[in-house]
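This document starts with one chain, in the form predicted alone, laid out as structure tokens.
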């Protein structure tokens, strides 16, 4: 067993476990977008980012791909982590503002503006559809091509694939296709119409550098009553 410290609590998990698996096993909430159980971790969206280490040697890592280590110190909601997640959400909104999944994340983390160039590309290159097609449907009908800003997902040579069974698995798992927001002001990246998640204490310091990581926040639920 491996013992590590998560948000000040010592926990033990099996060797080979990723930080994300440890967090979910213990019950710490952590946002994900490109991670789905049953598919190989890819670490594309970085929403599951956590801070490991202490002081000047601390760093941000994607929890879905980072294996636990003996004595590792993990923080899931430090100022640095929350700031990074908000920026990632802004970048996702620049590519796919009509994804309800991403809009809900923006509401949850209090993202009220999007400072990057609006692209309306829809695809956020999370790779879920590619992994679904290869690992669950055993087809490999689609994949990545191109590099950098020209990176895309499609069929080989852009022609209809002979191995595609039109199962719809790629559309089922895609965060851009699952649910679509239908607000009629595309120049505004943030809809806000479904802002049903707005923890009022998210921006208040908790335990020095730690922010509130409860979901839902126990203190907030008590206040409602």
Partner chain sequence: MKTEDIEAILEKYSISRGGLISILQGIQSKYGYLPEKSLNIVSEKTGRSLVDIYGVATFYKSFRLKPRGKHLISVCLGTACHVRGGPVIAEEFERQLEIKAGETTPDKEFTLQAVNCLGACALGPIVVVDGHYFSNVNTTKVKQIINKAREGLDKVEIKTDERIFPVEVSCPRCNHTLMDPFNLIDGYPSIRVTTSFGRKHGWLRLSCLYGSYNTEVEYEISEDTVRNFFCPHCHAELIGVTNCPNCDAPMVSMIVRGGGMIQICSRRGCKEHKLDLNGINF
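Residue numbers count along the first chain shown, from 1. Note that the coordinates shown come from a computational prediction; the quantities given were computed from them, not determined experimentally.
What follows is about the form predicted in complex with its partner chain, which we do not show.
For the chain shown alone, residue 143 is a contact residue for its partner chain in the model of the complex, at least one non-hydrogen atom being within 4.5 angstroms.
Using a 4.5 angstroms limit between non-hydrogen atoms, residue 171 is distant from its partner chain in the model of the complex. Heavy atoms of residue 117 never reach within 4.5 Å of its partner chain in the model of the complex, leaving it off the interface. Remark: residue 159 counts among the residues lining its partner chain in the model of the complex, judged by a heavy atom distance of 4.5 Å or less. Interface residue among 155, 101, 95, 84 relative to its partner chain in the model of the complex, by the heavy atom within 4.5 Å criterion: 155. Stretch 143-151 is the contacting one of 105-113, 143-151, 71-79, 86-94, since its residues have non-hydrogen atoms within 4.5 Å of its partner chain in the model of the complex.
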